[in-house]
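The chain below stands alone and is given in structure tokens; this is the form predicted on its own.
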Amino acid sequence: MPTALTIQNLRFLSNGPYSLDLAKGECCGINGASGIGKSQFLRAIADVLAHEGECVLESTPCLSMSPQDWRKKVALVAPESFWWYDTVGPHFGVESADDPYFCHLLERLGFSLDALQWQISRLSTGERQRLSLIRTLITNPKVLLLDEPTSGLDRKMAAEVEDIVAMRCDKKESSCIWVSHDLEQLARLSGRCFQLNREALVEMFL
């Protein structure tokens, strides 16, 4: 199967080296103890955290792309998202309301177009998580780096998120590295799952 992302001897802070080949359309799970460096692992892959080693998207090394272009294709969805404007709408662009996929995602994740008028300050943690995921998905990234993307969601909304991501992987629209403490969730979603230790990724059999 074609490789979507190759991670070679990735080191950051005092962690690593980590190596992993992520197949096109694969969802790979990452588990590990609190504070071990799971979030930093994703941030290093996204070229947000200083690191050594190499990440290659298909045949294109990270170092040959601008950080902005890399992060559009290898997109990180963090537990706490960043918002630059006072209301939701400007984060998506004026054309989003006419985008069928955007409207589909809004509906599936419990929103209507009225949400574009909402103040960011009124959003709950779960609403921010869902809107951040939508904001990422409509850019059509090749690789999704998901850091506990359902941690603030109820069971129904978590299932919707899982299904949306799984469908993208099944259609090979995206590949995914999904960090979660929930081993049952990783067993549902992941073809392979790894425990992240300080020195290596160790495959788990769930």
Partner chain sequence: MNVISLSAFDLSLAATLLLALAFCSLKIGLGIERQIVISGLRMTAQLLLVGLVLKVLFANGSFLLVFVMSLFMLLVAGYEVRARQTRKLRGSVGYFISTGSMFVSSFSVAFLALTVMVGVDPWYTPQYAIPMLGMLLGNTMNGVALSSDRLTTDMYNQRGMVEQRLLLGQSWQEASGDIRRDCMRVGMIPIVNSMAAAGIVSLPGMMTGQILGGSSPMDAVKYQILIMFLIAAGTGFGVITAIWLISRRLFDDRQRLVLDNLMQQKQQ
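Everything quoted here is computed from the prediction, not taken from an experiment. Numbering follows the first chain given and starts at 1.
One more form of this protein exists, namely the form predicted in complex with its partner chain; it is left out here, but the text below deals with it.
- In the model of the complex, none of the heavy atoms of Leu153 sits within 4.5 Å of a heavy atom of its partner chain.
- When contacts are judged by a 4.5 Å heavy atom cut-off, Thr136 counts as touching its partner chain in the model of the complex.
- At a distance threshold of 4.5 angstroms between non-hydrogen atoms, Lys72 is in contact with its partner chain in the model of the complex.
- Contact annotation: Ser81 falls within 4.5 Å of its partner chain in the model of the complex, judged by heavy atom distances.
- For the candidate set Ala166, Leu49, Ala159, Ile36, a heavy atom within 4.5 Å of its partner chain in the model of the complex is found for exactly one residue, namely Leu49.
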